[in-house]
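Take a look at this single chain, the form predicted on its own, given in structure tokens.
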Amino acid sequence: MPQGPVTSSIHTMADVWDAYRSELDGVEDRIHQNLTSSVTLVNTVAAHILNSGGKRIRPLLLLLCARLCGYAGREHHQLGSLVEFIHTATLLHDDVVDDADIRRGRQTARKVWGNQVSILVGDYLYSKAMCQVVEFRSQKINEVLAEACKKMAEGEVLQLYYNGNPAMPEGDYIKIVEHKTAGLIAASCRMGAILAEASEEQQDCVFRFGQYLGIAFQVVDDTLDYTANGASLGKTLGQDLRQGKATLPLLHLLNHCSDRDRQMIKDRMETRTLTEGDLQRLIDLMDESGSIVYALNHAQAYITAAKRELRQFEEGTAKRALSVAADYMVTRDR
């Protein structure tokens, strides 16, 4: 069974993008074909964020897992586009919840059109995806996608529950990440395997692969909020703390800093304020306490676990691409 383009030179994420460019172009075509609302504003707002430079990680993983399991068809293009619709809906909603003005270096939809429009277009994209996914006539795919959407909503609520609370247990942080981010990534991987009519064992393996990879992806993202180049990241650094979010590097720091510094961090979380001086102080403290290294080591451990799930599959282009994509999650700089 084919695993994708014939190539033996996949070493970097750029190689993966190049090798599967035509496949991703197929997903991109479906994304634009599916923007068919009779209300022009819906299409305009959706296109604003869909065209803002997203990497299409979830559709990529879906098509790679489909090819890994021997899928030779093209329906993964449509399914990948629906996954991207759901992901985009979460971004529209997240930006409202977070009062975000910038995403991927551009003004957010809520900043341009307002919160109400942003929420309603997000609702439309959710609904559109769920309406079109039934065309696959696969109860398994329906269940996997519905479960992922439910988990994402639960993760959002749990995150709001802990908003402004620096005493959040690390285990609950991981639970939020598992629900909010890893859930849809894992579902994408499983749906690729379902398309290929893979065994339950193989479906479970790629699901766990996606789950571990998704957790690592978010841990790295949260760490980049303190370490990345702001212009490259496409947002202001320190936004998580300004929004009252305690992420893994900050939780580690809170457990290893002085009482005075701990109180300073708690005050900034409660007031939702963070000056450039505060941010630099935090970064210095994280360096001194090993908080950045701690978070990145956690991410690497999840990637190692993810790659173990690929062992039962035969060597091939798709397997190599998945392994490279996994490593990319902890080496990316934005």
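Throughout, we count residues from 1 along the sequence that is shown. Computed from a predicted structure; not experimentally measured.
A second form of this protein, the form predicted in complex with a further copy of the same chain, is not displayed here; the remarks below concern that form.
Taking non-hydrogen atoms only, R74 never approaches a further copy of the same chain to within 4.5 angstroms in the predicted complex. Although the partner is absent here, R242 lies well away from a further copy of the same chain in the predicted complex, with no heavy atom inside 4.5 Å.
In the predicted complex, at least one heavy atom of E143 sits within 4.5 Å of a heavy atom of a further copy of the same chain.
At the 4.5 Å threshold, heavy atoms of H93 reach a further copy of the same chain in the predicted complex. The listed set A228, L120, I102, V112 contains one residue whose heavy atoms approach a further copy of the same chain in the predicted complex to within 4.5 Å, identified as L120. Checked against a further copy of the same chain in the predicted complex, the candidates D172, D261, E154, E178 yield a single residue with a heavy atom inside 4.5 Å, and that residue is E154. Per the 4.5 Å heavy atom criterion, a further copy of the same chain in the predicted complex is contacted by stretch 120-128, the sole one of 251-259, 190-198, 120-128, 207-215. Contacts with a further copy of the same chain in the predicted complex, taken as any heavy atom within 4.5 Å, map within 159-197 to L160, Y161, K175.
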